[in-house]
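Okay, here we've got a single chain as structure tokens, the form predicted alone, with questions on binding and movement later.
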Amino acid sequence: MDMNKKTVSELEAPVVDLTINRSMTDSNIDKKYNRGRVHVHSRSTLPEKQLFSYAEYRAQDAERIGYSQYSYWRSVWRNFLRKKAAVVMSLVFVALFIFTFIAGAIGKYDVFNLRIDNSLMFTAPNAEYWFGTDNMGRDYWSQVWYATRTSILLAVSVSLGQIIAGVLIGLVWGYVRKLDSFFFSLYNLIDNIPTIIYMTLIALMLGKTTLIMGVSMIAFGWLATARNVRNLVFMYRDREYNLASRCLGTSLWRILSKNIFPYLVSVIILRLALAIPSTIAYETTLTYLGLMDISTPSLGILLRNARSYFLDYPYLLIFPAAIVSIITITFYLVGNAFSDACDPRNHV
């Protein structure tokens, strides 16, 4: 009877997960109990507190069982560095942009204090005027580099605005089916009329300043990105994990930002890289048509002014055209390489 009671009490006792105490290492035990001998019997005489300890449960440690060292952006960067041509061209662009600030300091003339001197008209490049002079006898070096900085800042700002607006509208357009007809009507209304007509009306009614025309380019430049994002969202919105998220009551913004947006990164990066040189080309077109303010030098203004003198003084067109070509080639190579690097299917 006593044995039965003892067995029941032992069964009712809490089950304790016992593990070997790490603080009691083999070296300490060997030192205490005659090193070099078999200490099975000696260890059996140790107190239970020295041999075992409670194993505490920690949720963070339990999660680390399936922990992986994979990092998406680290993998993107590693894949991008494998594209040697893209890396070199990205360094060229960075050096070009930094030099636009240095060129004014090392140049002999300040772009804001250029004097008109008809006696120096169309002076060829020389030791005094490194890029020659224009049709008014002004130093061309300072104008070219200041115009490059202005065009790059304008192109990057406008391209970012177009991409951000296009991505946000495209996500909502593709996911919320009730808004599909509205966005399609808006898309057709803007897309079926040449953009240059809108830009002309805005320039005549509101002005030709860089700010107004930049905002106008953003207002009419998001269409292609939004349409592309909308078509991609249609592919992902009814995947199993998105259906499960909706059943769990996940908010619309969280589904768009966490479940769908990561799959669009490579496409967005590519469109951004191609939008920057396209914006510079579009700005050149607007300047050529007289729809941009010519008081602030830009590459488009320089190309517009040089078109009448190209046959006699080709350097007026060669320098700004070469910089536009470098920027275009740079973003084309870097954009394609970075887009491929952002594609999870290219990660190993």
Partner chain sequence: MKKLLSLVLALAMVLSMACITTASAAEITDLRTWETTSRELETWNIQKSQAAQDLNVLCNLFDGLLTNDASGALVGNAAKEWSTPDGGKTWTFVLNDGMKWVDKDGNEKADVVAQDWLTGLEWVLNFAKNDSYNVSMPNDMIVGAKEYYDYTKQLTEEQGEEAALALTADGKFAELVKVTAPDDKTIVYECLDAMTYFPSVATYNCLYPLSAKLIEEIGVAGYEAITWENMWYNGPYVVQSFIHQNEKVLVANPNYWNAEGVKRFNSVSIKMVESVDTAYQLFYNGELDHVQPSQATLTTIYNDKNHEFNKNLVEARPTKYSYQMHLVYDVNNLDGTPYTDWNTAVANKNFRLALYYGMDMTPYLARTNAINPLSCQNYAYTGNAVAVNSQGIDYTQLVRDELGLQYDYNTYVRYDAEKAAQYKAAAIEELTAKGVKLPVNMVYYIKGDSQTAMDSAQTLAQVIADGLGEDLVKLEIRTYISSLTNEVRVPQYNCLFINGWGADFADPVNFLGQETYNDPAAYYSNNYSMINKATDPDLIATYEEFTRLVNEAKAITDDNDARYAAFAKAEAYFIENALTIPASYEVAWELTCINPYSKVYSAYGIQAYRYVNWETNDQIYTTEEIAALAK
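These numbers come from a predicted model, not from an experiment. Residue numbers count along the first chain shown, from 1.
The same protein also has a form predicted together with its partner chain, omitted here; what follows describes it.
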query: Per-stretch contact check against its partner chain in the predicted bound form, the hit in 241-249, 159-167, 136-144, 99-107 (non-hydrogen atom, 4.5 angstroms); finding: 136-144
query: Heavy atom of F122 within 4.5 Å of its partner chain in the predicted bound form; finding: yes
query: Contact label in the predicted bound form: R58 to its partner chain, heavy atom within 4.5 Å; finding: no
query: Heavy atom of L206 within 4.5 Å of its partner chain in the predicted bound form; finding: yes
query: 4.5 Å heavy atom contact, Y315 and its partner chain in the predicted bound form; finding: no
query: Site test, L114, Y288 and I301 vs its partner chain in the predicted bound form, non-hydrogen atom cutoff 4.5 Å; finding: yes
query: Any residue of 223-262 that, in the predicted bound form, places a heavy atom within 4.5 Å of its partner chain; finding: none
